Structures are given as C-alpha cells and as structure tokens.
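Only one chain comes next, encoded as structure tokens, the form predicted on its own.
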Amino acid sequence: MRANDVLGLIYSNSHDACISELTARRTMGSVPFGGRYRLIDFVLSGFVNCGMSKVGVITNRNFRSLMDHLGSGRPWDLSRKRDGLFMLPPFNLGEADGNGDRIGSLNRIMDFISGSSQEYILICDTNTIYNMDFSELFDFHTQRGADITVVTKYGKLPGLKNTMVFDCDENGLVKSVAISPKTDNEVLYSINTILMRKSLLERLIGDAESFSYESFEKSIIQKNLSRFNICCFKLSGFCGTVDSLVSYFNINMELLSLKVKRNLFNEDRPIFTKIRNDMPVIYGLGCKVSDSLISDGCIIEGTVERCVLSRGVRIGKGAVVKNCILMQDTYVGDNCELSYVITDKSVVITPQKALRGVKTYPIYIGKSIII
C-alpha cells in the first residue's frame, strides 16, 4: 500500500463537549497546545510525513479559527493543484451536528469520498496527541490481510462516549469489542484512527443509512465483527487523549518531561504548524524561569515555574506564575500570583491579583476576559 493511495479524513469537531470551555468558539482541532501548536497539527503532520497527499477536514461548527489556521495547507505542503487539503463544512449549517454523528458526517461528504482516486481511507480524530509513522500502519494492514484496522493504545480508558475496547489474539485479530465498558483496569482501547478500503466504507455507510443506525462504533465495527477481518494496531510511544479540561492540562504539562518531548517531537517526523514570526523571548533583569516551555515573543519580568507559555505572553515585575498554561498574548500584571490557571488568548490579568486552582481543578479564564 502506497501512502499517496490513502485518503485522510479528519474529524475536527469530535468530542468538543468534553472540553466545552475551550471549544465554545472553536473546534477541537483548533484548540492550542504546547505553546505554539493546534491539536490538528499532530495528525495532519503524521499524514504528510508518511507521504499522503490528499486530506479532507470534516467540520460541523465553529470552524472559522480552524480555517484561519489551516489556510491553503501550505505549512504542511498541501497547497497543490492536484489533491492537497480540503475543508469539508456542512452545505447547510442547519445540518451541523456537534454530537459526534460520524456516519451522518461521512454520508454528507460521500461525493467527496467517491470522487477521490485513492483506494484506501484513513479516518482520525484530533483529540489524541501522538506522533506515529503511519507507513507502519499501512504495512501492518497489508500483511495481516485486514479489512479494517483500528489503531489502539493500552492504558486507562478515557472518559469519552462510545470508546471501543478490544480483545485481540497474538496477531492483532479482534475477537470481541466492548463499547465504553465500566472498568478501572488498563485496557486496549481505540484512539479512533481507522483504516479501510474506500469501497468498503462506502458500502458500510450506505448499509447503515438504509437502516436505523446507532453509532459508527456499534453499527460499523461491532456489528460487522464476524463478517470482516478486523485487526488492532498497537501504538507505542507517547499518546495523550484529551477527555476533559484536567487531561488537557496534564498532557500539556507532560511536555515538560524531556523523554515525552523527544518522543513527540521526533526529528524524523516533525510537527508542522502555521508560523507566526515574532521576536525572541525577552528576559528582564531579576526574572526567574525554571522547567517551562517559553514561546517566541514572550516578555518575562517575574517568576515562571513549570509553565507552558504561548507566543506574546507578558509576565509583569514581581509576578509569580506556577503550573499554568497561558495562551497567546496573555498579559499578567505586576505582583500577580497565579497557580494552576489556564488562560485563553488575549486574557488580561491586572496587577496585584491572585488566582489559585489545584491540579485536579485548574482555573480557566475565557478568551479576551479582563480580570
């Protein structure tokens, strides 16, 4: 299987509800991450790094910021005369569904799918952060003679709706599928990255639309377990799934680990994003910075410990900021104290304010709010 014979489809709105604070004005795919990236950058860069040349981004609502970020796809080398990057919003905004109706979303873009020359389709979500070599997935699918291959991760089950949990044999062949079982044990769960032939997807979506379907997981995967050869590809390396504001905070903080950072930002598989040219970081006299990720354009005159700062953040004199995620152009005034705080873009915290959350309940401040 050649990479340029695979059509990539990305659900940009899946699981918006699990971090509704951050997705009130944007899609899951355009949520900022790691100081300079958006969540969609990771799967989109993975597609490009393995050689895929055509990608469709399925959107349902709040996709203006996503369109601004992706543009023509040039940062990912997807601005092309043939194939490239395609935004796929609903033709009628009244049809937009933010509840994760994957089958309905695929049916609405069936003309796009049918008109593509690629033989295979790779479907992904954007709420899982990982950096995998998709060519290994393609080789696995071919070698196993699979009809459907699902990328899986072993660990604690995320708190997401309709998450598939698999029981597989030693060759990865699925023996049983459970949908969101109640368990505290580590399990082999789907990260909603699925590979199959285009013709098979068209047939399965057509069959599901002809009858009363429940969900993609139940009506496409679980229902057809005995009919098709369904396999699990086990993902190795770092993988973080956003299922709440707390998990979003914790995954950002994991980037402060050198091991995680090296695994996620691999020199052989770089993560591409929209570039914003900015000045270098300015460190004021007497400032203190430790164990933090600091993006270009920041001005730091206070104390910063274990934080992730996006471009253009300013920390005033005497301010103490610990265990925080501050998004683009946040301003923290003089003598402020912040602990376990997430600020959205362009937040202003006036001097001498104290905001303290906890690790299990960080404080979130919405876009452009002044405190």
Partner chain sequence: MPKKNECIAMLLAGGQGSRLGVLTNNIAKPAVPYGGKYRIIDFPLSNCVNSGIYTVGILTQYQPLELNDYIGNGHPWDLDRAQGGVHILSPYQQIKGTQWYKGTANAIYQNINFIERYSPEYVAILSGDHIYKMDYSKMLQYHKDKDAACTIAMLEVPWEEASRFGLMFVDEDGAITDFEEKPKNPRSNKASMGVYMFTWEKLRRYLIEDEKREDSSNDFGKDVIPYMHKAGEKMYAFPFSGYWKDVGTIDSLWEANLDLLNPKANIDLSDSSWKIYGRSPVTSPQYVSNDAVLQNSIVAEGCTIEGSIEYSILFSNVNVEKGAVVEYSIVMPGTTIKSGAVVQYAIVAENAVIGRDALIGENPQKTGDIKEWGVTVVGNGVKVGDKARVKAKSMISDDVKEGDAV
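Positions refer to the first chain, counted from 1. Not measured: the values here are computed from a predicted model.
The same protein also exists as the form predicted together with its partner chain; that form is not shown, yet it is the one meant from here on.
Here the marked residues Gly34, Met279 and Leu285 all reach its partner chain in the predicted bound form, each with a heavy atom within 4.5 angstroms. Distance criterion of 4.5 Å from any heavy atom to its partner chain in the predicted bound form singles out Leu256 from the list Met110, Leu256, Met87, Val165. The single contact residue among Gln118, Thr193, Ser292, Ser219, judged by any heavy atom lying within 4.5 Å of its partner chain in the predicted bound form, is Ser292. Judged by heavy atoms within 4.5 Å of its partner chain in the predicted bound form, the contact stretch among the candidates 24 to 32, 309 to 317, 330 to 338, 53 to 61 is 309 to 317. Not displayed here, its partner chain is kept clear of Lys234 by more than 4.5 Å at the level of heavy atoms in the predicted bound form. The shortest heavy atom separation between Ile271 and its partner chain in the predicted bound form is within 4.5 Å. Although the partner is absent here, Ile299 sits close enough that one of its heavy atoms falls within 4.5 Å of its partner chain in the predicted bound form. Remark: Arg262 counts among the residues lining its partner chain in the predicted bound form, judged by a heavy atom distance of 4.5 Å or less. Within 4.5 angstroms of its partner chain in the predicted bound form, the stretch 65 to 80 places a non-hydrogen atom from Arg74 alone.
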